[in-house]
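Before any questions on how it binds or moves, here is one chain, the form predicted on its own, in structure tokens.
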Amino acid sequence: MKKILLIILDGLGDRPNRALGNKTALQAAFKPNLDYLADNGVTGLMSPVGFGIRSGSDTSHLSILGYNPREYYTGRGPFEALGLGIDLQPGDVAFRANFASVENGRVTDRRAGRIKDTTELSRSLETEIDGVKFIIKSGVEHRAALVIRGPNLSDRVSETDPHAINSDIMLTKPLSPEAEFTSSVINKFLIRSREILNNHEVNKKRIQNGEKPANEIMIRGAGKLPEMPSFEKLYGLKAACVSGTPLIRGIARMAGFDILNVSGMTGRTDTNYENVISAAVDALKTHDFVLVNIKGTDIAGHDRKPELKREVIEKTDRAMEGLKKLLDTTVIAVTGDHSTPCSFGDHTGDPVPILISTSGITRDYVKTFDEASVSLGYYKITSLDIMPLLLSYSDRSEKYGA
């Protein structure tokens, strides 16, 4: 039996961009190692969750790992909180949060200029209102997790992220009668937080320095802790996760993965890609399955920066030079979790390229790894097909039938 290394370049899929000569970032990138793996493996197109579905990183990663999100997904918030080290209790409601910039009651930047550290801001907002405790922990850049803890709380509340600039700031609304108290207490918190953030020294200094203030906290992805079988129980695989992204770490933690900390792994475009890949290779010595998430490709897509997306791909590719030596003992798969075209700046339902490479595999005729080339490969699959394929190629799958 072989080990399995699954590398997910977040938001990898793209569309042709004029800035790159009407090529995608993958087509424009110099990526000899990815092309080698494609040439020595099988390729195709993978639709996250289902064909044409515009999936989030949460639902797509769940499905890639074999957890059908229609069964296990309760909201993004619990995974963000777990990934940031918050221990959730039964009855807690968790949210994904963004620090944003607001002027005259309107959102001017949903990411507060991609502020790098919001730790002091998060600490200033922790409080208790009407018997409900508000726990906040900062994540990468503008991201954070909010957990509310108290009796009779509901996750049936609306989000406060308008998903567009020049939109009015929002409060929550109850989506069912039992959520009225929860919505009311959250709104008290949001109104209080605006006053605190507008007067916080961190934001005063940012304004003085010509930077956008992080003076609004927007919440979405409400959910309670889901019940999920462990990855080892599902597949008999001891697994590890190498990712600087709290969401991915949270999903992996919920699934029972060992969560690895790596020097220089920031979850941003400035990640030390060599250290990330090296740590994944080392983890294969003690684990059967290693998941790697590279966030930089998605960040570049959201920021509409095709040259940066190409650069992240090339840096990741250089770090993958040593993977060629593993093919006799390891099944290596590379794909995205969804498409984030730089021309669009958000997730789309476009399929993403996938390659699976190992020794002894029946290769297709694809020589290069990009959206168009792999359309001629073996597979047109969904994310729920990935684990069965990896188990089969690693000689770990069980026979179906007599």
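Remember, predicted model here, so these are calculated numbers, not experimental data. Residue numbers here begin at 1 and follow the sequence given.
Unshown form predicted together with a further copy of the same chain; subsequent notes refer to it.
Enquirer: According to a 4.5 angstroms non-hydrogen atom cut-off, is residue 66 in contact with a further copy of the same chain in the predicted bound form?
Expert: No.
Enquirer: Hey, in the predicted bound form, does residue 367 get a heavy atom within 4.5 angstroms of a further copy of the same chain?
Expert: No - in the predicted bound form, heavy atoms of residue 367 and a further copy of the same chain never come within 4.5 Å of each other.
Enquirer: Decide whether residue 76 counts as a contact residue for a further copy of the same chain in the predicted bound form under a heavy atom distance cut-off of 4.5 Å.
Expert: The answer is yes: residue 76 has a heavy atom within 4.5 Å of a further copy of the same chain.
Enquirer: Residue 37 near a further copy of the same chain in the predicted bound form, any heavy atom under 4.5 Å?
Expert: Taking the distances in the predicted bound form, the answer for residue 37 is no, it never comes within 4.5 Å of a further copy of the same chain.
Enquirer: Sequence order please: the residues of 356 to 375 with a heavy atom within 4.5 Å of a further copy of the same chain in the predicted bound form.
Expert: Result: 371, 372, 373, 375.
Enquirer: Any idea whether residue 83 and residue 298 get closer or farther by CA distance in the predicted bound form, knowing it moves 3 angstroms or more?
Expert: Relative to this form, closer in the predicted bound form.
Enquirer: If the C-alpha spacing of residue 65 and residue 163 moves by 3 Å or more in the predicted bound form, is that a move closer or farther apart?
Expert: Relative to the shown form, the pair is farther apart.
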